[in-house]
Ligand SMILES: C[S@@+](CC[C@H](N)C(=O)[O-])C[C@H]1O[C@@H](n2cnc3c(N)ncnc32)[C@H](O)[C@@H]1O
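One chain is shown next in structure tokens, namely the form predicted alone.
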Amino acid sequence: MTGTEQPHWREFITRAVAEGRLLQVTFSQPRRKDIEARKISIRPLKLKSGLHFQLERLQGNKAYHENVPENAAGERLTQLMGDYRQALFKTREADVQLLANKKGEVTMLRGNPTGKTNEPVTAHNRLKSYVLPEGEPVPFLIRLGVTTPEGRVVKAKYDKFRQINRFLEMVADVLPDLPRGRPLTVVDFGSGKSYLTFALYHMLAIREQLPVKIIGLDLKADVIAECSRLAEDLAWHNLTFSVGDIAEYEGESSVDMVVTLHACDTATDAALLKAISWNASVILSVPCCQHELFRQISQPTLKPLLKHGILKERFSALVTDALRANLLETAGYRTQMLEFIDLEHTPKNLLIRAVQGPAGENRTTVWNEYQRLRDFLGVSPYMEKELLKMNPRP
């Protein structure tokens, strides 16, 4: 880098933010001992409410996040320069380093750009293709072995990294549908090794700064014990794990979001029924093996399809999810079927996303359509029978 006479470094910061030229900023070398964060990394972040700048403070082995609106970012970055001796601003045109001496005088050094410039940073575009960008250390991803301490994705875990980010994209879309002004409760049924449970807590509690309590439930005691240790190590006190069965769970009387990923057969239905009974605002469900309707379907017209076991299995899975979605609509939810991850990684790739609110058709119409399909296929779904016990007239 070469030095230039730049008395207006404050103007440089203000203009870089206003013109959308910032790719990344790093503040380092605190000026005073009372500044706990040894480094602050900053990147643009497109949220539904507009462009923000996410500040990640590294204090000890923990990272703390804060999202600053675009209109306040210039002033905030200028203030931070008063706390640190050094700052590196990566823009599309150049790398600009700000160096403060003991008197507080700031020198600007300009060099060739090293940041990725293949995607413009504007208020309408996401800077990164991932919610959790590659190359940025995230404590829970490091502890779970998904990334290295430097933030590089471990090759064998790249599919898991993509799955986590895809899941968080789906969560981001329903954030406006969650209640505000009070603490939130989330239950993850069948949490397993809890990659997505930790990701969900990171997004809601750390990134979005929402008051939230998340409970992970699974039948495997050893897995629950390991997840509990990791949550404790991360000091995520509002993330807890319990051993238990979905159908018998009575740990909460009110829940705002229910997540159920790969719960086998009618365990998915049990989780959906729990969510309905809680009047949960959001439901995210990725069903797993689905055997109930495979054993029931009987329709002579479909014999050319149903006589082949593999086709019958896939057809039964699609029918099961279609009927579940319709039953959710009769219970007062809007539903979508989304591709969770690529088919090349797993055939169990459909996610049912349900949000409180009327569907496009009224509930009576949806119920009548459901009955016609159910009767045509000669099936009697567990979820319907249990839902009618809760509400005899959908």
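In this text the structure is predicted, and so the values were computed from the model without any measurement. Start at 1 and count along the sequence shown; that's the residue number.
Separately, the form predicted together with the ligand exists; it is not shown, and the next lines address it.
- Scanning Arg76, Lys312, His262, Arg162 against the ligand in the model of the complex with a 4.5 Å heavy atom cut-off leaves one residue, His262.
- Between the ligand and the residues Lys220, Arg143, Arg229, His291, the one pair within 4.5 Å by heavy atoms in the model of the complex involves Lys220.
- Although the partner is absent from this view, Thr147 stays clear of the ligand in the model of the complex, with no non-hydrogen atom inside 4.5 angstroms.
- Interface residue remark: Val171 is not counted as part of the site for the ligand in the model of the complex, having no heavy atom within 4.5 Å.
- Proximity of Ser285 to the ligand in the model of the complex: non-hydrogen atoms within 4.5 Å are absent; the residue sits far from the partner.
- None of the heavy atoms of Pro139 is located within 4.5 Å of the ligand in the model of the complex.
- In summary, the region of this chain contacting the ligand in the model of the complex, judged by heavy atoms within 4.5 Å and restricted to 231-239, 272-280, 191-199, 314-322, corresponds to 191-199.
- Contacts of stretch 243-258 with the ligand in the model of the complex, defined by any heavy atom lying within 4.5 Å, are made by Gly244, Asp245, Ile246, listed in sequence order.
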